[in-house]
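Next comes just one chain, in structure tokens: the form predicted alone.
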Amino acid sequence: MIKLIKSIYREREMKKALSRFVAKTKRLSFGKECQDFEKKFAEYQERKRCLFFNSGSSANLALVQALLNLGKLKKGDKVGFSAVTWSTNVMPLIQLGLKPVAVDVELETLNVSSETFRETLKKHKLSAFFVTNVLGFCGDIAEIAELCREKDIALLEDNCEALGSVYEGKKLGNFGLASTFSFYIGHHMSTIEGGAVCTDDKKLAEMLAIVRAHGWDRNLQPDEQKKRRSRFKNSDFYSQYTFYDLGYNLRPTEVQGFLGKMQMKLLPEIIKKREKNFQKMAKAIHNRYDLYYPLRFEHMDLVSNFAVPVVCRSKKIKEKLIQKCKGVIEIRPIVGGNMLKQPFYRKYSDDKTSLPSADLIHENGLYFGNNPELTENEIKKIIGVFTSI
């Protein structure tokens, strides 16, 4: 079977290096390796600051908590989110007392557009918008960012599936106040589990470091520690167990930092392979307009594709595909589909927004993996299956 993901890229090489690292390293809790990785990832993403977390889901949670701690969001505020997304993009909004508002996507990009966003703004006053760059694609996100600036809405990007994608000369993840990333094994690069928040905002970065580690200041720069301790008239002795604001323990390990640094060296190669695979498969498969709705990505400079989606013209076509892929190609629904159809959302929200595109993607959509280790024969087999229904 052609799996969604085969391994951490160059897994054998990495395991050998990791074994040597673990054998010689005295400290495996958060430290220098993680901090070095943060610097390298911030440089790659072209943001001023990166905070490393134990997962992308934790990064989402920490970002929302940090904004609440800073007073940029308040309990009860309405926060928009892409209707087609992952559960832990939405769950922190509910868990932390905010009111989630689903924004429909465009069928041809799977992503929110300025048009669907404007429709939501006619009905709701949003304090923030958490947009998801689904599967490496985006809508007209520069226009969305401009709308957010005009209306004083904090734009946050869930970029967990779009690392390396570029729109209008800018990397996705760089259009808003902050962006989150995931380094889970199936994503663009892997630290086994892991995630990050990138931002140019110094105060937000400091609060994220506090939220990540119990609410204390141990991972702040010495000058920031001194300012905070002086403000609270706190001695160095008591500062070791002083908790300045609401937080969790969401720290990664040095193992993850080490793996992240290794994967960073391979990231350009990984993205290049994913882009090449995607273009080859998408051009063959998405020309079958009798089977699938068109997928538009020509507006993007680079599509760092996470997995290749198809939205079938009918449920019958989708069921045929599922049967044909059984034991041959591993497939999945398109991320979490329409979040309003998920049991947790129906339990905690009375949101009944009409979301026609998200509904269609939920009912008729699926994806197959695009990993950098796909062979030419595997690519041919995938194209054959998806074009011969």
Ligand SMILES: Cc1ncc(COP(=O)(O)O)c(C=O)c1O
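Predicted model only: the values in this text are computed from it and were never measured. Position 1 is the first residue in the sequence shown; the rest follow in order.
Not pictured, yet referred to below: the form predicted together with the named molecule.
In short, of 310-318, 73-81, 210-218, 158-166 it is 158-166 that has heavy atoms within 4.5 Å of the named molecule in the model of the complex. In the model of the complex, at least one heavy atom of G194 sits within 4.5 Å of a heavy atom of the named molecule. The shortest heavy atom separation between Q263 and the named molecule in the model of the complex exceeds 4.5 Å.
In the model of the complex, at least one heavy atom of S57 sits within 4.5 Å of the named molecule. In the model of the complex, T88 approaches the named molecule with a heavy atom inside 4.5 Å.
With respect to the named molecule in the model of the complex, the three residues K170, S179 and T199 uniformly fall beyond 4.5 angstroms at the level of their nearest heavy atom. When the named molecule is considered in the model of the complex, only one residue from R288, H187, K99, R229 comes within 4.5 Å through any heavy atom, namely H187. This chain lacks the partner; the member of V335, C50, L61, L68 within 4.5 angstroms of the named molecule in the model of the complex by a non-hydrogen atom is V335.
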